[in-house]
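Take a look at this single chain in structure tokens; it is the form predicted alone.
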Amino acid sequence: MQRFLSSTQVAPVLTRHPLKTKLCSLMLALLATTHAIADTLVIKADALVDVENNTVLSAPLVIVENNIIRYVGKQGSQTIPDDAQVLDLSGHTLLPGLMDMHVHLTSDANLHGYRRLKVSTPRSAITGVKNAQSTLMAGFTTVRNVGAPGYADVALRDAINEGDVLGPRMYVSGPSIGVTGGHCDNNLLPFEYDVQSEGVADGPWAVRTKVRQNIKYGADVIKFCATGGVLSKGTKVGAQQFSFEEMQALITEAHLRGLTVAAHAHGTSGIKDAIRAGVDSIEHGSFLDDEAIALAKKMGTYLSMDIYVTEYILGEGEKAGILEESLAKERTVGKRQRDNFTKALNAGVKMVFGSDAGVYPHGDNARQLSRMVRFGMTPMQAIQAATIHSADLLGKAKLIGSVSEGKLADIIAVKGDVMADMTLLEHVQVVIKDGVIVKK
């Protein structure tokens, strides 16, 4: 078998060149994606979180051939091929690659409010390259990008898929769809500038056209704004924006084409109309009431509730340029959202992990996991929300979401017992995406 230099062996060669450290790190990461993969990779560890069977397997043995998991069992249960690469992770716990269903990779967490007016679409795409790498190094091997200007997320996804840049597997929405003056519009400038976000559409046929346009230019998922939001100027966070008829037209059009739909929805009536119209996931869900929770459970609608981000907005948001209007809205939203997260969980509503990274720094996504436990989830439930349940929402549960035979080899490792300390997932030591070791 042909052997290639490991990243450890390549590092001294690269660092002798007078490039800056960050560029060298990026080159090393890219080398990991461009070198051939060993035919067989064998992974040993102390434990494996089995999200499909709600158990933790001790002394696991995982065998990967190219990018597919071919065997999962106990150490000593299978003969290891002589020419296999063995990755001995004693003291570590293995998990499926984490999945975040609500990110904005092309957004800079340090640029909010009026500061975002200076960012061009090409610049946001370049920002996305940096953020994609940070996200992958944090252990998130799959993300759903719900909103980006100029189809920058489509370009970033394609660059990752073609091996040009390093990042997670991306499912992308392109521009978010919203009403004139709504949360998905640009409301920062006065009338004479005649500025409108590219996803603005009013009326059932107009929203169908926007769905078709997003699909034409490469969207995998459709995202729309059902209600006002925290970070938009001039919107009431709980107010419904699209009518039921508009939501129904949008969702029907997307489903006809085989795409799932995510609805930004804080307000109660907007949440309920989106669920009744057949939406696949509710993003934020801050002002859920008992009827909305019951509807979500009945319809099988997933909730993606970003219950960490309030800490960043209220603690660091002013320095990042978040408007006082938005800070005031967040003060009314945060506690309600967390209380309703617990209510929905106790009612048995399906939940996925969605961080809203981009509002806060990419790479810190996993900080939310400990909060999900703090507000009611067991460690296993939180990990399932960020793995197998997210894969199910994407319609990809047969391909990703667990360390199981026949699935793509997306595997991470943390040192210690993650079931006893969820904050360990904020410091992932090993990342394997699609059978390639990208961090060790």
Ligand code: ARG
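Only a predicted model underlies this, so the values are computations on that prediction, with no experimental measurement involved. Start at 1 and count along the sequence shown; that's the residue number.
Another form exists, predicted in complex with the named molecule; not displayed. Remarks below refer to it.
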Q) Can you say which of 90-98, 137-145, 304-312, 157-165 gets within 4.5 Å of the named molecule in the model of the complex, counting heavy atoms only? A) 304-312
Q | Proximity of L288 to the named molecule in the model of the complex, heavy atoms at 4.5 Å | A | no
Q) With a 4.5 Å heavy atom cut-off, would you call H183 a contact of the named molecule in the model of the complex? A) yes
Q) Is E330 close enough to the named molecule in the model of the complex to count, meaning some heavy atom within 4.5 Å? A) yes
**Q.** N340, heavy atom within 4.5 angstroms of the named molecule in the model of the complex
**A.** no
Q) Using a 4.5 Å cut on heavy atoms, which of L105, V230, A292, V207 is close to the named molecule in the model of the complex? A) V230
Q: Would you kindly say which of G334, G113, G150, G363 lies with a heavy atom within 4.5 Å of the named molecule in the model of the complex?
A: G334
Q. Who in 240-274 is close to the named molecule in the model of the complex, meaning a heavy atom within 4.5 Å?
A. H264, H266
